[in-house]
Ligand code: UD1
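Below, in structure tokens: the form predicted alone, a single chain.
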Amino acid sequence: METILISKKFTLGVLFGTRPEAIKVARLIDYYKNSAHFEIVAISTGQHQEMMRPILDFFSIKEDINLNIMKPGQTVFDVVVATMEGLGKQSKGLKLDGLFVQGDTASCMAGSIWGFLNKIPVFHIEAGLRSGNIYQPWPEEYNRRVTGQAASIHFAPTQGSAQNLINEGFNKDSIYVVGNTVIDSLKYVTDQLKSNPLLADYPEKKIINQWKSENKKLILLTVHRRESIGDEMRQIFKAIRFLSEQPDVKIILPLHLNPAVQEAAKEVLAGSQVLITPPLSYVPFIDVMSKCRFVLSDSGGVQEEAPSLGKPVLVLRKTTERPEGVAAGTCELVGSDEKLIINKSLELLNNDQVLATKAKIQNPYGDGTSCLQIANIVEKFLSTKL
């Protein structure tokens, strides 16, 4: 795409609050660092302070503004209110020519509303994802629909996401299919790890490498969704306990910090062979994913990342707003059904041909050039405002 030459220097805000958001905007911020035409203001809500710090350090991202909204026991409503109030207080005197928001979080929705109310063009990264059920996932499905109403540009990761927006009546000229920015970050990390494997330094690495040397079949598990908390999450963990008892199978669970998730895991998995660890930072997480046989996860980002590493995903959800992976065959919905989780996992554990076929499927979420495409489109958009 041809770059538009402009003389004015524009100021762009990039809002992020959670670790996945930081990962998905990291390479975009990096792209703009040495730009002669753009100044980037990195705005963190401060939701995932501890979990996000390694991400910011690895990608050399400096927070220009930290809203520091995190409070014990806060609700989604609290996050939305605190984000908008924080933006209002800490942005005084800051004139933004555009605001990037990412995905479907409460901070994304709050940022888009704040931008709209202040007549700042909102650029929605990862736009157009839809599950079709406003409560699945909750509240993300609602968040992304509201964000779409405020956005001036919709950066859809796939043609299917773009079509969702078209079907809802959004202007075709405001919609661009650019892939998913998480692939940009994933590609950068894997390239860095190839040249320097020591970048992935974490306490469990020695155990993982030992399992690999013994030809153990490693499963990576992540689970955290609000709508699964309770009986459904316990069913998931019961299936995991059964799988962990199979010969030559090893399971690693980086346990989410949500107390309800931790309680369910400890209740069902106490005394099991599952290796439960604190949350892994991004680079170690990618290292573990690259060494596993397949992934069990309810994460949206994992559905996008794992196929690039040739890893099938059994999705621990009833619905997904990322149907492209399911259609391609890299992902399969298994929900919280204990028997289905076990049967599909055993198939991937015991059938090398099925595993190899899924591993070769091309990732439908892009080629790692999303950030460059986004930057060029925004530059062209703003040049028309001069």
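Because the structure is a prediction, the values reported are computed rather than measured. In this text, residue numbers run from 1 along the sequence as written.
What comes next is about the form predicted in complex with this ligand, which is not displayed.
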*this ligand isn't shown here, but in the model of the complex, which of 208-216, 255-263, 162-170, 193-201 has heavy atoms within 4.5 Å of it?*
255-263
*Work out which of 247, 73, 271, 132 lies within 4.5 Å of this ligand in the model of the complex, going by heavy atoms.*
73
*State the residue from 315, 178, 153, 79 whose non-hydrogen atoms include one within 4.5 Å of this ligand in the model of the complex.*
79
*Are any of the heavy atoms in residue 232 no more than 4.5 Å from a heavy atom of this ligand in the model of the complex?*
no
_Is it the case that residue 48, even though its partner is missing from this view, gets within 4.5 Å of this ligand in the model of the complex, heavy atoms only?_
yes
*Considering only heavy atoms, tell me if residue 226 and this ligand come within 4.5 Å of each other in the model of the complex.*
yes
*Are any of the heavy atoms in residue 83 no more than 4.5 Å from a heavy atom of this ligand in the model of the complex?*
no
*Taking heavy atoms and a 4.5 Å limit, what residues of 125-142 are near this ligand in the model of the complex?*
139, 140
